[in-house]
Ligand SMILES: C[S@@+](CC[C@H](N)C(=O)[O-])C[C@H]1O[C@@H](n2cnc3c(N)ncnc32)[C@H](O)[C@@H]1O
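As structure tokens, one chain now follows by itself in the form predicted on its own.
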Amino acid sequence: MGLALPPLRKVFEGEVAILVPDEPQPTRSVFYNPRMEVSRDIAVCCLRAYRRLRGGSLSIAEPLTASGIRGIRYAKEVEGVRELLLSDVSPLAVELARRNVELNGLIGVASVEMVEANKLLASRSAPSLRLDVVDLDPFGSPAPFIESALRALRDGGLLMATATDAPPLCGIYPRVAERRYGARSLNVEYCHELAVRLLLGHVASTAARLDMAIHPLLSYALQHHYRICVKVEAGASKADECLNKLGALKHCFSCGHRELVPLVDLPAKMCPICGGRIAVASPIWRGALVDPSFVPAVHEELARSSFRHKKLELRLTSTLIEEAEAPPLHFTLDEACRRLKCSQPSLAEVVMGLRSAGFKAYRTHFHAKGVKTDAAVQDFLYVIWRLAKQGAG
């Protein structure tokens, strides 16, 4: 006889129906977050694109499963899923996930175990048992599970992970970031991009210790969470190449100068622009955040979908495609105009103004008024000042 569950209600998402506790969100006995539907939609399309480009069938693990909705959607909506492993340490979550597996006709494909995430992943670390995909979607930080997930993946496998611990990653609590990720964060205007780079840096560092490398396919920040999707590659030489993409952020709070440098270039403590003190975030990922050939494939899968948040999702992936070739880090119009004490021109005017001045310039999904550009801070501020002056005149 199954465990007694609280009152349940049925919700529909994508192509699945699942049972969730009919309780208020803060006190819900088994966690289910409807705000993460967009994340789950995009993840489904990532797996569709991955399988279309790679071929073959997929074995997937989603520890920390709660209601099971994420993994169940993968098994129902991605062609070729031959095995789905779901687990949780909560007896209520396990019972509910089992009911949802049965409700969606996945008995024989999906299994649900009451086991701690690292233990489940360790059970699949032998070469003959390794998985194609591991998705870590915790409440908080995925850091405690990254190494086990990497060990459980086969060469060329996919690691997807969510982080919702924004305050440490964004530099509000830098010591917490040091404890969780082994890296120093900073509270800067582009903190959400820095958070993604810090998360990727942690995954890359962990992978290198296992003679593995990562190749980011898609990374983004949305609402209250950060999401990464990386391909894992085995080999010491690839791990060495991957380590070359780790580095440090140097940021001057006096003038706004920022640059990403290799770890060996770290010592300078004075800003080359104004002579102010340099603050450092390290180690972080210096490489690309997305693969310019993979994101269009995800965009195509979204375009073919009938998801209820399709417009928002297509807008996000369109921007990711646009900024795939953009320089790292970004400026925000809010911070620039605060420094200049001037009125704010439109984002389109700033992008055009920078391009007219000979610089690269792109919108970014990280901030509604953010611009990625190869212009130095003084050149960026000059373009803003000139546009504001023209507008005032």
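Residue numbers here begin at 1 and follow the sequence given. Predicted, not measured: the structure shown is a model, and the values here were computed from it.
The same protein also has a form predicted in complex with this ligand, omitted here; what follows describes it.
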Name the residue from Tyr226, Phe145, Phe294, Tyr190 that puts a heavy atom within 4.5 Å of this ligand in the predicted complex. Phe145
Pick from Leu263, Leu222, Val115, Leu243: which has a non-hydrogen atom within 4.5 Å of this ligand in the predicted complex? Val115
Of the candidate stretches 231-239, 67-75, 169-177, 148-156, the one with residues having heavy atoms within 4.5 Å of this ligand in the predicted complex is 67-75
I'd like to check something about Ser90: if you look in the predicted complex, is any of its heavy atoms closer than or equal to 4.5 Å to a heavy atom of this ligand? yes
Although the partner isn't part of this model, could you tell me whether His367 comes within 4.5 Å of this ligand in the predicted complex, counting any heavy atom of the residue? no
Contact of Phe359 with this ligand in the predicted complex (heavy atom, 4.5 Å): no
At the 4.5 Å heavy atom threshold, is Pro138 in contact with this ligand in the predicted complex? yes
For the spot marked by Phe31, Arg40 and Pro63, is every residue within 4.5 Å of this ligand in the predicted complex through some heavy atom? yes
Residues of 323-357 having any heavy atom within 4.5 Å of this ligand in the predicted complex, listed in sequence order: none
